[in-house]
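Let's start with one chain on its own, the form predicted alone, as structure tokens.
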Amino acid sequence: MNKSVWVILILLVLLVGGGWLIFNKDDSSGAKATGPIEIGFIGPLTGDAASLGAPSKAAVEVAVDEVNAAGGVGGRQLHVTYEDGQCNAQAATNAASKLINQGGVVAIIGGLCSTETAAFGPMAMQANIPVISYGSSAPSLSQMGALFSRDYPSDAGQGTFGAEYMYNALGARKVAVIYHISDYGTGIKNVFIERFKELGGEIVAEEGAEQTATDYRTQLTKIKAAKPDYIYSPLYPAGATAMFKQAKEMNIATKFLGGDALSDTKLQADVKSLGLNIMFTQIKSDIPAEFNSKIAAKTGGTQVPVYSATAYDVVYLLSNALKTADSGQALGTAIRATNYDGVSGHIQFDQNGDVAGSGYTVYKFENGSATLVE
């Protein structure tokens, strides 16, 4: 082989090798260091509780825009992929699978419904991806794992508060319970019943229904016959709407006290004309009017669910954690080390990833919206 051929071969090797380095430089370092930080979001964007999920998504979008406009995290922009959990176990599992296997996310914000989070959480834990819920409150989620946290309080507190309010403030002694057989409904129901009995109250009927149920007449017939002072109703919005309408048809005049899922604005509007006495419990919050106006302007709505504030805060606490850890267990640990004052209040997690609640309050349905009782 002559000298000129050798020179040509050497030049070809240099060109090919140099080109490979040029075109793969970002793959080995640059893109990972300067590309967007991928985050997943799961919440009910359609179906039951969509009127709670949509404002939560809007709040995340607002927070992400603010963080990115301020330079992102270490110069990297946040990019969120939004998936519809439908307040449904299978939909949430499918959503998480897509985020984990195709989206390359470092963390998942969600779900809102406990049904969603309980379904996809174990998959995320196995994939070493932290999960931060902005609305799931089932007490059982406290045992999810070291990579789980939530800035919305466990229903261990809400169920206790509901029982004490029912017994002490409302003077109820005989209570019937109608609930959804779900992580949320069953969890809060169990806490409520245990505490109400401890106080000396009597549970005269305990009726469960599937979350997808549309006919509650069998359960309501038994409850009506039990003649309770009050009916405790931890139900998701679509089921609660059907149940309230059927209670009206059956001439049930008993007063209702539900959980925070009844804060759904569509539900309140849908049962406006029924004339039933309905109240619900919700976490106390001193959310700034400026924040409410900002989210209402984005959604075109008039009422801003409390979940919007907790979803907004998750973006900021996650952004702060990402400054010291980029993924996996380190990121989960950084999240749990949070000590942050957000629009929803002070956020600090315990050993289970639960945030301390600031207490609860009571609202009543009035003229198609919620009015503070105390």
Partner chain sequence: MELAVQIGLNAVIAGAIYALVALGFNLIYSTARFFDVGYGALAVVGGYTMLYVYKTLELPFALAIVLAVTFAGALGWVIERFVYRPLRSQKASPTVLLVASIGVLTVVQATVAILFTSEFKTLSRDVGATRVFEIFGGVITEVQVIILFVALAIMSTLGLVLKYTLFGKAIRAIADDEEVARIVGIPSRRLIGIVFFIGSAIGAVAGIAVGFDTGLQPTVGLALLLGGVIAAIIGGVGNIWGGVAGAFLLAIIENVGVWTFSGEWKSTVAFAVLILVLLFKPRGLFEK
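This is a predicted model, so every value here is computed, not measured. Positions refer to the first chain, counted from 1.
Only in words, not in the display: the form predicted together with its partner chain, which the text now covers.
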{"query": "Position in contact with its partner chain when the complex is considered in the predicted complex, options 173, 197, 284, 222, heavy atoms within 4.5 Å", "finding": "222"}
{"query": "Single option in 246, 93, 160, 299 placed near its partner chain in the predicted complex, where near means a heavy atom within 4.5 Å", "finding": "246"}
{"query": "Heavy atom contact within 4.5 Å of its partner chain in the predicted complex, the stretch among 137-145, 163-171, 110-118, 235-243", "finding": "235-243"}
{"query": "Site check 291, 319 and 336: each within 4.5 Å of its partner chain in the predicted complex by heavy atom", "finding": "no"}
{"query": "4.5 Å heavy atom contact, residue 273 and its partner chain in the predicted complex", "finding": "yes"}
{"query": "Distance check, residue 329 to its partner chain in the predicted complex, heavy atom within 4.5 Å", "finding": "no"}
{"query": "Its partner chain contact in the predicted complex: residue 101, any heavy atom under 4.5 Å", "finding": "no"}
{"query": "Close approach of residue 343 to its partner chain in the predicted complex, 4.5 Å, heavy atom", "finding": "no"}
